[in-house]
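Next up: a single chain in structure tokens, the form predicted alone.
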Amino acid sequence: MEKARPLWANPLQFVFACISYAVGLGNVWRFPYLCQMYGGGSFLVPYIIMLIVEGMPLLYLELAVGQRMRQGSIGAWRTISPYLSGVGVASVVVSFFLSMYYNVINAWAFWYLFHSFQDPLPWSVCPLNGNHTGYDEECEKASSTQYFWYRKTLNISPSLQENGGVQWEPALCLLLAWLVVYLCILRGTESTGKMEQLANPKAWINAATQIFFSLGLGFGSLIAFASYNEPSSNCQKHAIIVSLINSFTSIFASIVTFSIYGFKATFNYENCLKKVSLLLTNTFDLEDGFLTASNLEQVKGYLASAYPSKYSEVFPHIKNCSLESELDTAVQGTGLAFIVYTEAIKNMEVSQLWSVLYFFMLLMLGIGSMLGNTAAILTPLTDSKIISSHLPKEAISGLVCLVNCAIGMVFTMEAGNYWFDIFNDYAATLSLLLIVLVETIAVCYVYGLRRFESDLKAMTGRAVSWYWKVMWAGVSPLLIVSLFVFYLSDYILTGTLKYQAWDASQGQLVTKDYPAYALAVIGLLVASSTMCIPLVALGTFVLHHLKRGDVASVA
């Protein structure tokens, strides 16, 4: 007798699980960056439009497919058509790639959390050099927060070619991160809980991309979650709720981020003014307190004309203090999470408390997303009668976590951060766009939109409105094709792909070309998931014709 499928205890539990998965680190470190790059509040116009025409319809589609088919991604698309099994396989492959590197962020968050209980915070001051005669040279050229990130946390190598060894502290934190994820999995389903920029096409492209990836479309996680729903659940309402909460969180995170940007920029600007004023006061024997922010530029001009030789000696040490340039500095990703935020935190009152709260928040966001990623892998595996008949769910979950953790050790090496960037930039982008495009076409034109509409009405007792049908059948697929063409052409026009490497002698990032083997890995990452769709379809076609041939020969 077939085992009954587990169900969520109530619809609220399912919604919270979807929110926990969708609201992730991208809301904190990607959306604020895009707002700053594309006109601040005006970026909300393309963002909200893309939410309406792309985000909500595609989220509803995936939830409806999972709820209707009541299987993980592979089984759901195989039910629609045997030739579409590769869509589910591609989703699992992409989710596997994501799980390999994403949990490293949680490991770094654990590392910073543990160090947050020190007084003073270890990234607030530069360490002394070997002779104890001054501060470390690399730290002085960079900053204390950059030094702690690149040297103490990553111990980063000068280039991708110099892999170095595994760093045992991040490796232990990665083991802890995977242990936490595994323990959460064991508890089961019930516990997973400026306006001119509008004319810039890149603002619209990035708004669409942010909506697409923030909701986690194409990974199979949403299909997996929805497969544990009661068939009569109102997945339309759930899709709208999750989409709106996800977007509200992004906007709220931007408000907080811009507050931190402002605090950091003001602090750095005032600190710069103090250093320049002190240097000029000591060099030219000026009266203490004479130099202010309002007269600094005027006095500098006077000193340069009155004492040209003396001024030229100190000129290389005079920094150009500008509040506007500080505010215009746009950072995203790990640079925002582990450098910019920590630089602001170290200057706050009771900095240890804010640091603990901040990194605990990062962990909650990261682990919530990880549970969704692993669900996308585990649900198709546990749905498979061949695998589940030989191994219990606990063993399957343990093996998946163990394999991911073992491969993830690559990201704890000295060159691990460079490999992290490769996976983060190339493992999912084109693959997910292709997966969701095929999903939409499959539902509307293979399974049939009218048939799918009648299924939803039979399940939920509610008719599907014209808005959802228009988006699924026309607008969303055309938008995905546009995004796919944009990214493909962007990769081609970029030429030789480059990466940012840390130069310890300069205390800053420098641009370098990827070596040939790294380009091969990038190509393999993109191809290994996207090729699943045509290869599985071809394999199914061949097997089907072979079986027909065998039947004909027997007859």
Partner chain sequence: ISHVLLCNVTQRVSFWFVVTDPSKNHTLPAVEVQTAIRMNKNRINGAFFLNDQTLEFLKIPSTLAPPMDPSVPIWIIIFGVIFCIVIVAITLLILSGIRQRRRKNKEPSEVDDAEDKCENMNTIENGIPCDPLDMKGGHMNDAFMTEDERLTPL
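Positions refer to the first chain, counted from 1. We call the rigid core whatever largest set of C-alpha positions still superposes within 1.5 Å between the two forms. Quick caveat, the model's predicted, so the values are computed rather than measured.
Not pictured, yet referred to below: the form predicted in complex with the partner chain.
Taking the partner from the other structure, the partner chain in the predicted complex has no heavy atom within 4.5 Å of any heavy atom of K319. Remark: F315 does not count among the residues lining the partner chain in the predicted complex, judged by a heavy atom distance of 4.5 Å or less.
Contact check for K385: no non-hydrogen atom falls within 4.5 Å of the partner chain in the predicted complex. Among heavy atoms of T133, some come within 4.5 Å of the partner chain in the predicted complex.
Contact annotation: the partner chain lies within 4.5 Å of heavy atoms from the stretch 124-132 in the predicted complex, the single such stretch among 124-132, 293-301, 225-233, 346-354. A heavy atom within 4.5 Å of the partner chain in the predicted complex is found for exactly one of L402, L286, V485, A306: L286.
Distance criterion of 4.5 Å from any heavy atom to the partner chain in the predicted complex singles out E394 from the list E137, E394, E162, D425. Within 4.5 angstroms of the partner chain in the predicted complex, the stretch 11-48 places no non-hydrogen atom at all. Superposed on the core, the two forms barely differ at V410: its CA moves less than 2 Å between this form and the one not shown. A displacement of 2 angstroms or greater separates the C-alpha positions of Y307 between this form and the one not shown, with the rigid core held in common.
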